[in-house]
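As structure tokens, one chain now follows by itself in the form predicted alone.
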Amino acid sequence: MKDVMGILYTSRSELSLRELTANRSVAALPVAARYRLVDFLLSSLVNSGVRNVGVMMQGNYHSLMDHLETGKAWDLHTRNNGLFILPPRVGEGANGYVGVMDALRANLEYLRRSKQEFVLLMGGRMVFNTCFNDMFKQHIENNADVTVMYTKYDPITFDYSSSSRDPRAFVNVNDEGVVTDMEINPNAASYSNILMDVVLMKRTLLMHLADQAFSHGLHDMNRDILQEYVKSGMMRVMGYPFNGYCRRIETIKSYYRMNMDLLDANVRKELFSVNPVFTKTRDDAPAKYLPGAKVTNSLIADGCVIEGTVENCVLFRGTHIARGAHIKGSIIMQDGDVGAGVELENVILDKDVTILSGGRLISEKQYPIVIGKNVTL
């Protein structure tokens, strides 16, 4: 897939994700004890042989830029092609683009300079791990104008927010793989196939669509562009099925559930064993389990120091659980500090949160408590 470039559209902060995206984009959300959402998307592109990747930034993009750096973690720090950070211009996307078509129009010069014939356009809120080679092969063999990736919709695992800035799209795909209908944000979807925000087309076609969208005041790829072409039949839009583990991070509930899913060894195997997932490294000593520590079915990153009891939790790098603390069903991000005798259940602590000795926070799994960055309780 050397003739394919990748473009990642990072979603704006979401009200439904509350404190977690107050100072970061959705793509920069920490997951699985040491990764960010963007790691899975970039790794899928790199594992497919894509060497030119552009990341279109929006408001609150500093955390994401700090994580990506030069792209070295994904071997994208090359002289030719590589990783291109595309921050918004002043007054243009600084507070968030209205839609992906606005972001593309603002970065047409990057598209013009690129040499690849095809573009893989991806959203920034999906978690999956795949190679796109078969999708590209299908696209060529079927002489498609556009190919979209979809998976089966499960209302239990695909929690959504009605206020989301990235609409959900459902499609009907016939026996030949052609998309015959598309629904955007239905209350009750007619079809069980949900799009994964992965779109493949020629670079010149994408440039034309971005320019036409701008001239007609259109903003969203699915609602304003693809849905109309599917209805009219003026484009051959193909669907490519994905059958692996896939989650859309749109709410606190979906973020919490995705991390808890990874406590299942079968899910971890499905998500990580086929293709490697790369991320920015941080040199830390191995996790320490001191006398009195008791850990059950948890993901523990390097640099953690455990003295208390940890059950069914995800602990990021540098977390400290003091003696006598009891942590259950919780997510504690980087450099969290849980004091002696603290009791936490179904809680999400953002980076650099300190819970002083004797604290107690307990909630239901359906409504986990969220504590924002740099808070001391």
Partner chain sequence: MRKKQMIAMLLAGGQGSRLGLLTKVMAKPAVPFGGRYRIIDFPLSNCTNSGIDTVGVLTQYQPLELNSYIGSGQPWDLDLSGGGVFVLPPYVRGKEGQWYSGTANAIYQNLAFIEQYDPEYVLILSGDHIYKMDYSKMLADHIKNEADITIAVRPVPWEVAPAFGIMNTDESGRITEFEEKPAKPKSNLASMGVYIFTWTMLKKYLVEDNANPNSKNDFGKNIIPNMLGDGRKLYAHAFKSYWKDVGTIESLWEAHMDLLKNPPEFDLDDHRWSIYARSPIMPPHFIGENASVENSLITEGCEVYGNVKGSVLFAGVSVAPGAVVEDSVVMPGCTIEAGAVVRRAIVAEGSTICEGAVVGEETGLIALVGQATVLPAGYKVKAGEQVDNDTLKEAL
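Positions refer to the first chain, counted from 1. Everything numeric in this text was worked out from a predicted model, so none of it was measured.
The same protein also exists as the form predicted in complex with its partner chain; that form is not shown, yet it is the one meant from here on.
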{"property": "Residue among Y150, F136, F278, F84 with a heavy atom within 4.5 Å of its partner chain in the predicted complex", "result": "F278"}
{"property": "In the predicted complex, the residue from R223, H208, K72, K202 that sits within 4.5 Å of its partner chain by heavy atoms", "result": "K72"}
{"property": "Site test, Y35, A265 and V305 vs its partner chain in the predicted complex, non-hydrogen atom cutoff 4.5 Å", "result": "yes"}
{"property": "Interface segment, criterion being heavy atoms within 4.5 Å of its partner chain in the predicted complex, picked from 279 to 287, 108 to 116, 139 to 147, 224 to 232", "result": "279 to 287"}
{"property": "Non-hydrogen atom contact N80 with its partner chain in the predicted complex at 4.5 angstroms", "result": "no"}
{"property": "Residue contact check: F242 to its partner chain in the predicted complex, 4.5 Å heavy atom", "result": "no"}
{"property": "Partner proximity in the predicted complex: A301 to its partner chain, non-hydrogen atom cutoff 4.5 Å", "result": "yes"}
{"property": "Contact test in the predicted complex: F272 vs its partner chain, heavy atoms, 4.5 Å", "result": "yes"}
